[in-house]
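Here's a solo chain for you in structure tokens, the form predicted on its own.
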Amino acid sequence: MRIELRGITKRFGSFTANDRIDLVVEPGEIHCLLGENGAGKSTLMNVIFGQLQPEEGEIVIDGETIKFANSGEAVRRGIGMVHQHFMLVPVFSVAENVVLGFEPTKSFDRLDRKKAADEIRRVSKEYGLEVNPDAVIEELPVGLQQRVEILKALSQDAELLILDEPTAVLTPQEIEALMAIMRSLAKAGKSILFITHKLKEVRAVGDVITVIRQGRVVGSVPPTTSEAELATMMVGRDVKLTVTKEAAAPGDEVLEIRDLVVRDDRGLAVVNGVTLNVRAGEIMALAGVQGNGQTELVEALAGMRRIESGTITVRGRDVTNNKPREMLDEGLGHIPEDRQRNGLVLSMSVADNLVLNTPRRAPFARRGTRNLDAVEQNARQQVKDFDIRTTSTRELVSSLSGGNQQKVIVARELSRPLAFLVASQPTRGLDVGSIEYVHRQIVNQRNEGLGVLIVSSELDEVFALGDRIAVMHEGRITGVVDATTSRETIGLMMAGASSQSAHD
């Protein structure tokens, strides 16, 4: 399928999300759309998929001008879309999700499960997307859930596949697998629109890279274009792609974790005897493939998950099984892994989210009554200091881009006195400009004497920020090494080798 966008313009009130965008995707081509959070990428994809109607411009498919009234019409015309937040029913099986809305039936309009499963096996085999048709979605890892989304589009004969920020929640291994799938689909003649803000990914998999900034096309370039050039096109200024920091000068121990055991929601011991310490003025980076207990460890540190055994001490004080409010009082700053679920109240304003951890304290409240002037004054100052892009402090935080939502959390956590900071996947889903900003803020905190624990599945981030690196595998620490350790050694530790055997 050849698809051409001519002068697409989409407005929301006085705000122009897409401004006269021209774009061409050829058959068998992986066309990457690169841009910052809030640049208008997802809006454009929703226009192509019929979920939004443009004010101006036209879509031309194989020489014919098309106007979709809804996404159903786009699907019937051969366009499939894998959304950033998966559109799957968690309690349904793979087969039930793939055929949802297009169910094969037998007598009495019952779902023909065998026919559905057979169709999935056929498409799976054809495109190398192996998945069990009978598996329940909520029991599958994120990478396989995404595979189901792709299968759903392919089973409906999609000739153009739109992948909207598909790697935001994937591990490095899952990202490699996805790229292999994309190459295979392109080789089979499918057209692919790959929307992302990750520079390495577009250079690794793209045939053409189109950059948009503030709703406009900046240019289309080949994948040989350097990361620095792409970053400048995205942001409109030079961006430092490496973290500049001096050697750490660690002081006293501020956080000690000793023999910690924590269970997950299934009752399994996913943190199994972890011992770790963080000193003032250093960044300890915790590496590992996601799903090896890092999430539960951070939840235990934040008071969000019960500790079965072992201890946590902060500046010599035992805080084991403290409640979240008590951990805040001990000086914890927490940037959570899932910003929308655990870091923000989406139905509240930017101003209110900026005081979520101190809403009843002076100056934001007096004698049980909120001081709205103080809340507003704080919000204006934080929006300025942390460069939060918002039309108003009263704007709902749900309407901000992912990068600006993350800035709200960073501003809230770093704008009060802290003893230590725990940041879990702090730049997940962020563009290069926002990553540069968050990294700089974290390093500034370390330079001011804060103890910092960073949890990241991105090795680039681990090496960029860590003064020491700990690796977690199957609920245990396989070793703690300095930041000069090779990637190969860290990779072996992530696979379960101890630091000593990995060096050997």
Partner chain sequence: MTENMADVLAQADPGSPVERRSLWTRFSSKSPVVLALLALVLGFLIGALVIIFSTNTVLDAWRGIFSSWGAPGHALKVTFDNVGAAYRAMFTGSVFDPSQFWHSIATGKQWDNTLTPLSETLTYATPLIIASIAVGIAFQTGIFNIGANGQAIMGGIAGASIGSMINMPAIVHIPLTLAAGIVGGMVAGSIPGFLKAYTGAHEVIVTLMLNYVIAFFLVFVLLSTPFQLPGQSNDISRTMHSSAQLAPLFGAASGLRVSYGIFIAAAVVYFAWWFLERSSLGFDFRITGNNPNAARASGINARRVIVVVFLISGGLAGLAGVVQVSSTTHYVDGNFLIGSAGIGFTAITVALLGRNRPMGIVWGSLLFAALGVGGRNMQAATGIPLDLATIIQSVVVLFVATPVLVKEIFRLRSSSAQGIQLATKGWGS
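Being a predicted model, the structure only gives us computed values, none of them experimental. Whichever C-alpha set is largest while still superposing within 1.5 Å between the two forms counts as the rigid core. Numbering follows the first chain given and starts at 1.
The same protein also has a form predicted in complex with the partner chain, omitted here; what follows describes it.
- Residues 444, 454 and 468 are none of them found to lie within 4.5 Å of the partner chain in the model of the complex, as judged by heavy atom distances.
- Checked against the partner chain in the model of the complex, the candidates 448, 62, 56, 26 yield a single residue with a heavy atom inside 4.5 Å, and that residue is 56.
- The listed set 273, 251, 236, 359 contains one residue whose heavy atoms approach the partner chain in the model of the complex to within 4.5 Å, identified as 359.
- Residues placing heavy atoms within 4.5 Å of the partner chain in the model of the complex fall in a single listed stretch, namely 325-333, out of 325-333, 225-233, 210-218, 378-386.
- Taking the partner from the other structure, the partner chain in the model of the complex has a heavy atom within 4.5 Å of a heavy atom of residue 365.
- Remark: residue 344 counts among the residues lining the partner chain in the model of the complex, judged by a heavy atom distance of 4.5 Å or less.
- Although the partner is absent here, residue 119 is not a contact residue: none of its heavy atoms lies within 4.5 angstroms of the partner chain in the model of the complex.
- Contact check for residue 315: every heavy atom lies farther than 4.5 Å from the partner chain in the model of the complex.
- Contacts to the partner chain in the model of the complex (heavy atom within 4.5 Å) from stretch 1-22: 7, 20, 22.
- In this overlay on the rigid core, residue 68 has a C-alpha that sits 2 Å or more away from its partner position between this form and the one not shown.
- Core-aligned CA deviation for residue 479 between this form and the one not shown: less than 2 Å.
- Positional change of residue 463 between this form and the one not shown stays under 2 Å at the C-alpha, relative to the superposed core.
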